[in-house]
Structures are given as C-alpha cells and as structure tokens.
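In structure tokens, the next block holds one chain alone, the form predicted alone.
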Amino acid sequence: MAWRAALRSKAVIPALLSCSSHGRLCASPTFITQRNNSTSPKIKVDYDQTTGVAVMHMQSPPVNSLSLDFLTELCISLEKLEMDKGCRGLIITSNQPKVFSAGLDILEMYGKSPEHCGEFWKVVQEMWLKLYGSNMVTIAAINGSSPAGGCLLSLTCDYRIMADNPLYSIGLNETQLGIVAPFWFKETMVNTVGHRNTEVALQLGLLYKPAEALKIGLVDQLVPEDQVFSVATQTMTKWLTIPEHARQITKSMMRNPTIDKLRTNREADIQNFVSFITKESIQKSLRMYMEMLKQRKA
C-alpha cells in the first residue's frame, strides 16, 4: 500500500503515474491473466488460482532492461499478488530469447537530471524490497543471460534455476561500467555466495558461466534450456509443501537484517546514488560504454 501511496505523490514523475494508471485484472474461475492495457506491456502475470502459483513473464524487448516504467509495472504486479492471500508462489522468467534481464537501463542514468536519477533509484529499491521481503515462495527461472541488475533480480528470489548453456552468463559486473554496486547489492550477494566470493566478484565485475555460477552457489540448479520452466514448476511444488508460517518466519529471520538496513538508510542511499551517478567522470564512463555497445551492433 505504501507503494501505491508513493505513486499518488506529486513527487513521482509523470512516467510513473502514466504507467501505473493502466493495470487491471481479467479474471476467470481458476485462472487470472494480468496485463497492462498499454500497447506494449512489459510484464505479463499468469496466476493459477488452483495451485496458488503465479508466473511473471518479463517481455520488454530486446533485453528486459530495468527501466523506470518496467520496474514500476513490476512493483505494481508484485503488490497485487501479495494482496491476494491465495497466491503462495511466484516464478519469474523471461519471454525474450537468450536473456533473462540485461540489468538497469543505462538511459535512465545517462544525461538525466538528479531528480530523475533519484526517482529511478527509488523504484530500483522498491523492486528489491518487495521481492527480497516477499511472503511468497519466489523462484527465478533464468532462461538466458542475467548481468548486473538482472543478477540482482535473480538474487532476490528464494531459489534460482538456470539454463545450462555456456553462452549465458550471470553476475554483478557494475565495476566494468565504472559503477559501484551499493551496499544492499553487496549484502544480497554475500548472503548468497559468501564474503570472499562476493569480494572478488564485485571488484573484478565478474560474469559467471552457468557451471561457474553453480559452483559458487550463485544459482542453485542447472537444467537443459528447454526444461527450465518445467523444473521451476516442479521445484515450486516441493517448496509449497512446507508449512507456510514456518517458512515465512525463517525467511524473514534470514533476510530482515539486510532489509531493515536499507529501509533505515533509504534516503541516504538515494542521495549517494544521485551524487555518484551524476559525476562527470561517471557520465563519461556510461557514454563510453554506450558507444562501445553501438560499435558492437554495427
């Protein structure tokens, strides 16, 4: 509900408001498909009321970049699912070929005003808070590459299943762009793969192939690419056999210290991000990275 209140605030930029005004639910007796009425919805949620499991399909071509609009739509979808007490599990996957999510949209950070950068970072925080603290069982069905913010999105989930394809990679590679991963990115990874693995990975901006990611615990399971979703569904069934209250309390006990740290320092974190990302040297690094991407495409 706090997120909806934020959307109604005059401080939220028009892009947030326009994105939030189109969501609706189309219900049938046992199956709900949630779509955005816009011409190009970035998130599609299929919710099976019989099993209590929702599937979130990221469908923002070409690479599911985590833009302001994308993250806003994702947060609204999450809130709707959390409000439905019958929804106990969420599988997150991609409808884009060969990519789960390419991470934060650089265009939201390059050449933008401090106010815009602040609003963008606020919604990045919101995505993490909602997913990392979700009462639902959350499983990432990683059917493609997942660098940077895409890796963070995966790390928020309770369990990660990745396609066993050596062409794919996953990791927090922010330093390669001249960006520093904030403390809550770092602590999420530490909570997953330990301090030393995180220290090396973050300093070098490492991207791991699936087998390497499995070895350090960045993902929990590798399966053939065409079996990622079916295995995720089977795994969800197993997780949902655990008494819900016991699982939720255990999850909160493990994650709340990290969540509380961000909640306590949220405004300071936004200010630190804005101060950092608007520096001339960082803007130059982002510009060079975008030019490199253009050359690759050419």
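What you are looking at is a predicted structure, and each value in this text was computed from that prediction instead of being measured. Don't overthink the numbering: it's just position in the shown sequence, from 1.
Keep in mind the form predicted together with another copy of the chain is missing from the figure; the text below concerns it.
In the model of the complex, none of the heavy atoms of residue 259 sits within 4.5 Å of a heavy atom of another copy of the chain. Looking at residue 88, you'd find every heavy atom of it more than 4.5 angstroms from another copy of the chain in the model of the complex. The closest heavy atom approach of residue 242 to another copy of the chain in the model of the complex falls within 4.5 Å. Mapping the unseen interface onto this chain, residue 180 counts among the residues with a heavy atom inside 4.5 Å of another copy of the chain in the model of the complex.
Listed stretches are 88-96, 183-191, 122-130, 109-117; the contact stretch with another copy of the chain in the model of the complex is 183-191, by a heavy atom cutoff of 4.5 Å.
Proximity to another copy of the chain in the model of the complex holds for all of 160, 198 and 220, with the criterion being a heavy atom within 4.5 Å. Applying a 4.5 Å heavy atom cutoff to another copy of the chain in the model of the complex picks out 243, 246, 247, 249, 250, 251, 253, 254, 255 from 243-264, in order along the sequence.
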